[in-house]
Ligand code: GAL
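In structure tokens, one chain follows: the form predicted on its own.
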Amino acid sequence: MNTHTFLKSTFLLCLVGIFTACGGTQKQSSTDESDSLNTHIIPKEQWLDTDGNPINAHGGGLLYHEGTYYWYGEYKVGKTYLPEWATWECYRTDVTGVSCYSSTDLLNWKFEGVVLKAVPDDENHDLHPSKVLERPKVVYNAKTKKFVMWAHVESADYSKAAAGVAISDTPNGEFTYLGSFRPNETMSRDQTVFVDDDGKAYQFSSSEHNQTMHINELADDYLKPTGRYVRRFVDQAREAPAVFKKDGKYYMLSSGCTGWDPNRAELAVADSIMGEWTVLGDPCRGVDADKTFYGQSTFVQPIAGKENAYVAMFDMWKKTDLADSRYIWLPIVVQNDTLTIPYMEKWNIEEVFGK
């Protein structure tokens, strides 16, 4: 090899080395940023899925099944608008469907797709873009081996006040919509579904024009009510119920009814799910606790494999840009018989609850 060729080759190798080094540094920097986001929960920030896209799962809930968490929520895309006829702030986006994400650590979320899709070619369908689809929750029925989704479905003018039900054979597969109804012939708006240790399921719904909470016992297939229900929190105007169980007692986190604007959260407890409930007060602690940190409850998830470890999920609504609404997930701290939800700007599951 002559001197010219040697120098030219050396120069090219140096360029490759420099390019590789720069690329490595850039990738490392990106990895560092990704690691930071993927090892801590940072409320109110924009959360990205494993493909780098914003997570779009509002008003949702989690299902833990065979070692994996599945997060279902309202898939909001497009412009937020206020209908011309509106006499209140019923901001909305067109119905697109229900999204699903999966994770094994509650931190890194893979987009599984839109598992319940809108039906744009039928104006009378509950899932037509012009209608309203809110607060989807999915539970697994061990007897039927089906995944059952309940959601609040509405007519465009919010007069329907019904529950819609869909089923799937897999947690991340396409759900088949079965239709809608008013549970026990009563209104059903903000809602959640809870499965007890004995396999019995219950739907909690804001009813009677959002003034009273109904607890509806579900049939063994989870597809319809049994006809047995109770009225609780009568004339207290509670919505956004999130239900969990701890040490044999039932807890419900909820919000007041102030539209898209935040208000004070409330925690209640009962010895029996359809028994009497006692209000414990506001569990939130820290800056803006009286406004639920500018969030609204949607779900409480027990952390698998850990005792007394729960994540309280809230939506931070942006009423004029709903697609950019954010998520506030915080730990529920258990001290003796007291449950509190302290605000943390950044937190780690193992740091809070132990390994």
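Worth saying up front: this structure is predicted, and the values here are computed from it rather than measured. Numbers for residues come from their place in the sequence shown, where the first is 1.
Missing here is the form predicted together with this ligand; even so, the following discussion is about that form.
This ligand in the predicted complex: contacting segment from 211-219, 112-120, 194-202, 259-267, heavy atom within 4.5 Å: Going through the listed ranges, the match is 259-267.
The unique member of Glu276, Asp169, Glu89, Glu185 whose heavy atoms fall within 4.5 Å of this ligand in the predicted complex: Partner contact (heavy atom, 4.5 Å) among the options: Glu89.
Partner-contacting position among Phe181, Tyr81, Tyr140, Tyr158 - heavy atom within 4.5 Å of this ligand in the predicted complex: Here the answer is residue option Tyr158.
4.5 angstroms heavy atom contact with this ligand in the predicted complex for Gln296: Gln296: contacts this ligand in the predicted complex.
Distance check, Glu134 to this ligand in the predicted complex, heavy atom within 4.5 Å: Because a heavy atom of Glu134 falls inside 4.5 Å of this ligand in the predicted complex, the answer is yes.
Contact label in the predicted complex: Asp126 to this ligand, heavy atom within 4.5 Å: The answer is no: Asp126 has no heavy atom within 4.5 Å of this ligand.
Heavy atom of Glu239 within 4.5 Å of this ligand in the predicted complex: Contact check for Glu239: yes, within 4.5 Å of this ligand in the predicted complex.
Residues of stretch 182-199 in contact with this ligand in the predicted complex (4.5 Å, non-hydrogen atom): Only Asp190 sits within 4.5 Å of the partner.
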